[in-house]
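The chain below stands alone and is given as structure tokens, in the form predicted on its own.
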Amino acid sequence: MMGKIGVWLVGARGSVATTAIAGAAAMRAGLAARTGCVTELPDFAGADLPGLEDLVFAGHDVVDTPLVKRAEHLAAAGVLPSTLPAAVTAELEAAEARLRPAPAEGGRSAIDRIVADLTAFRAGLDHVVVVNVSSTEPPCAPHPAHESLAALEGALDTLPSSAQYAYAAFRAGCGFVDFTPSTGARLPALDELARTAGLPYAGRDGKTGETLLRSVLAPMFAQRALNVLSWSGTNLLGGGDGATLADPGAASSKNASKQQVLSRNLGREVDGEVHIDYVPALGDWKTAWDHVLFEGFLGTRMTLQLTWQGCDSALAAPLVLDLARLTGKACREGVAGPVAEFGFFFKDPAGDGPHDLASQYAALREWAHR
């Protein structure tokens, strides 16, 4: 049996992290069904995963709104049940006591602070998994020092924040998961560090809405020999994620990961773009509209249009819990480097694996039981 698994959340007071912490507390207390948690499906029974009761939450954030207040805001917005914050106040306060301010600086001094915080948190725990649920970064500028660990050691100030956390996680003996489209561990030097340290990582960019549908529908067109001519999408987002993605640099990271799902499943690039519009009034909800133009037998043109409306935090939070449990198992088993089988959860998965959802699910299930 596995002992306690620490879950260090980067962006610990954000909507996704708060929903995950409150949701885990609610499920442990029997106050909520385990809907949305993949690892709670019968397919994963007996897989020797750490239980929800084994997860201990901590983390960093740049804001100082207490978790209880953040949960109350989410309940007022309809993201959490109205009575939940009061019912899990003790658990939220316990996690709050383990939160630390995120380093304001960059480079080695920031990394040293993160390593120190992670090392202190690890005391008394079997393993720690660092999960990045912070704001999306613009793409990382290429740098020669990113190609090898030896070169990187003298150029740590070239790393964006998400990559600093990946570096610090591996130095502190922790697994790493990037739930955002940011750089994270996806640099050759950081892959080298993870393998050298014997630690797992996974990512990137959680697949929760529009791209989840694309990973199901794109293989359908390919397998039915229907020729997709164009696939365009428009996303309306509120909340902090929408505000972040209003920046063209951050949006470019998200758009790139969304489009990769199509090209990998269809086997080629197709016309069409993804647009992301910030609509503050939507709050934590998002709406995605897709238009697919395709060609059938004898060149007959047809279209598919679909609309997806969902609550971003409620879609993402259970997957964060799934990934914490799965990566905890990977840490225990000494897995080193990218865990390709976790691609089921991501738009742009690390490692080599299938890209259609059905095959990804089968690979994940097999990995959990091997």
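Residues carry their position along the shown sequence, with the first being 1. Note that this is a predicted model, so its numbers are computed, not measured.
This protein has a second form, the form predicted in complex with another copy of the chain, left out of what is shown; the following refers to that one.
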Contact flag, H291 vs another copy of the chain in the predicted complex, heavy atom cut 4.5 Å: yes
Are any of the heavy atoms in K207 no more than 4.5 Å from a heavy atom of another copy of the chain in the predicted complex? yes
Report yes if any heavy atom of L298 sits within 4.5 Å of a heavy atom of another copy of the chain in the predicted complex; otherwise report no. yes
Exercise: F345 in contact with another copy of the chain in the predicted complex, heavy atom 4.5 Å: yes
Counting only non-hydrogen atoms, which stretch in 260-268, 116-124, 139-147, 211-219 is within 4.5 Å of another copy of the chain in the predicted complex? 211-219
Hey, with another copy of the chain in the predicted complex, do G23, L84 and A358 all fall inside the 4.5 Å heavy atom range? yes
Note which of V335, V68, L49, C37 lies within 4.5 Å of another copy of the chain in the predicted complex, where distance is taken over heavy atoms; exactly one does. C37
Of L236, L156, A94, A102, which residue is found within 4.5 angstroms of another copy of the chain in the predicted complex when only non-hydrogen atoms are counted? L236
Between 306-323 and another copy of the chain in the predicted complex, list the residues on our side with a heavy atom within 4.5 Å. L306, T307, W308, Q309, G310, C311, A314, L315, A317, P318, L319, L321
